[in-house]
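Next up: a single chain in structure tokens, the form predicted alone.
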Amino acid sequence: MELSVEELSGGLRCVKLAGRLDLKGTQEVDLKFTALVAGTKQSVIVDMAGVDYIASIGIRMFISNVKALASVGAKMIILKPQKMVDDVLRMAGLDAIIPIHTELAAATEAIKGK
């Protein structure tokens, strides 16, 4: 599992994930992801275009981080999940607490509250 960070204009951060968010993959990135997301207490866009599989442990990682962000008034947006991953996220109901967008411009507007 790979994790990288890109600083976007306007002070936004985009965390990019690539690989499989199964047990092994989630364990590989969980601490760093949490430090970059919940640890900064700032809204974040999570680019999942490179994630080809997500298990319940990966969903749990997102839920715990979005709860931490919500407690300080920050948001998380999921960007560009692949079809199969998008289907799993929606079936799990994650889209009810973390908006899912397919375009960066729409995700940026949503995170800024426009």
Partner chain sequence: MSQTVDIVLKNDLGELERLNQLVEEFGGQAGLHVEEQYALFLCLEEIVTNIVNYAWPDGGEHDFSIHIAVDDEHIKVQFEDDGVPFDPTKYPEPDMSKPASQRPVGGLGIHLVRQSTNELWYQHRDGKNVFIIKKKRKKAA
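Numbering follows the first chain given and starts at 1. Bear in mind that the values here come from a model prediction, so they are computed numbers and not experimental data.
This protein has a second form, the form predicted in complex with the partner chain, left out of what is shown; the following refers to that one.
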Do heavy atoms from each of R20, K67 and A92 fall within 4.5 Å of the partner chain in the predicted complex?
yes
Here the chain is shown alone; which of A38, V85, L79, V29 has a heavy atom within 4.5 Å of the partner chain in the predicted complex?
V85
At 4.5 Å between heavy atoms, is T34 in contact with the partner chain in the predicted complex?
no
With the cut-off set at 4.5 Å between non-hydrogen atoms, does Q42 touch the partner chain in the predicted complex?
no
Using 4.5 Å between non-hydrogen atoms, is I57 touching the partner chain in the predicted complex?
yes
At 4.5 Å between heavy atoms, is A106 in contact with the partner chain in the predicted complex?
no
